[in-house]
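What follows is one chain in structure tokens, specifically the form predicted on its own.
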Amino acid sequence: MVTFEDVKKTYPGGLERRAVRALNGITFTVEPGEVVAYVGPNGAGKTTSINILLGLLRPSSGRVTVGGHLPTEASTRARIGYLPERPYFYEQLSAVEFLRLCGKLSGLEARRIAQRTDELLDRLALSEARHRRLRHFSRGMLQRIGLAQALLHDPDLLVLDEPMSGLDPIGRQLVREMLGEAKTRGKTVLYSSHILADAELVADRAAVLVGGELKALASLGELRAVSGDRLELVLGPTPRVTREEIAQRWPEGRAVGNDWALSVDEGSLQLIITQAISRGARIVQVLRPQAPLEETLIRLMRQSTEKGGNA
């Protein structure tokens, strides 16, 4: 559905500032029906690349396509629903008036607009505020009405820039449910987020952008795999040996229930297993530890070379 091909973007300098390379040749795809979280630190280039995807910016080089077509084509834009990071709406309009305007701009018929408005206001817990002026909406309510306008015309691709911003836990749960429903209906979702716990709950894959470069694109399980060759070996007690005796032999380990876990490198694994069995211990499991996505992002940032970048 979405393809970035060696996309670069440089903002030109001026008399008092130097040119800034925001994107340095990013290449990745988002498959139809997939939810991809776009994560990275401030200034990584996420918003720049999203604006290129939407046709709001042109890349310095490279190519972006949506369903094989350029994002600047009117037919392509009709397939996209977009929620910006800092949405601004006509605050004198009510929620119903605002969605009616968005529906007309999208070319929907009046009956369809009314139907979708009722559906989305109800689904996003805004029905009671349907006639309230947007100037009286809280930040979280504005975020939800922004999501409603992005979904109104039933787009094939949802592009969401920090959709959880300003939401309380109930609002975040609503948005997660909406993303899950969109995925179930075969929609494609690319969303940028700093709230990595939410990304772990809804995304199929994560694209990690650091300093304008794509550092990783993988399933969350693959991303969370601890780098290097470290494994976790879990040993269990038997009638021949207690957990305390296992701990005395390998004091660097830690208790896991009634068992004892050791962090070992792959080269030492077989030797330690042989030693453990000879002492009567039971081999419970060998696994590759998983790190939280936030820890993974921090690790990739630290590994990255120092490079400039703006979002």
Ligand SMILES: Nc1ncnc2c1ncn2[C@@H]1O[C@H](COP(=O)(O)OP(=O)(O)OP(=O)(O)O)[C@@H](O)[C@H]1O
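Computed from a prediction, not measured in an experiment: that's the story for all the values here. A residue's number is simply how far along the shown sequence it sits, counting from 1.
Although it is not shown, the form predicted in complex with the named molecule is what the next lines describe.
J.: Within 4.5 Å, heavy atoms only, which of His153, His194, Arg132, Lys183 is in contact with the named molecule in the predicted complex?
T.: Spelling it out, the residue with a heavy atom inside the cut-off is His194.
J.: Can you pick the one in Asp204, Asp118, Glu97, Glu162 that has a heavy atom within 4.5 Å of the named molecule in the predicted complex?
T.: So the residue touching the named molecule in the predicted complex, by this definition, is Glu162.
J.: Tell me, yes or no, whether Glu200 is in contact with the named molecule in the predicted complex, where a contact means a heavy atom of each within 4.5 Å.
T.: Result no; Glu200 lies far from the named molecule in the predicted complex.
J.: Is Gly43 near the named molecule? Define near as a heavy atom within 4.5 Å, in the predicted complex.
T.: Contact check for Gly43: yes, within 4.5 Å of the named molecule in the predicted complex.
J.: Using 4.5 Å between non-hydrogen atoms, is Glu85 touching the named molecule in the predicted complex?
T.: Judged by the heavy-atom cut-off of 4.5 Å, Glu85 is in contact with the named molecule in the predicted complex.
J.: Based on heavy atom distances of at most 4.5 Å to the named molecule in the predicted complex, which listed stretch, 258 to 266, 65 to 73, 240 to 248, 45 to 53, is the contact stretch?
T.: Looking at the partner contacts, the answer comes out as 45 to 53.
J.: Considering only 1 to 33, what residues come within 4.5 Å of the named molecule in the predicted complex, judged by heavy atoms?
T.: The stretch 1 to 33, when checked against the named molecule in the predicted complex, contributes Tyr11, Val20, Ala22 at the 4.5 Å heavy-atom cut-off.
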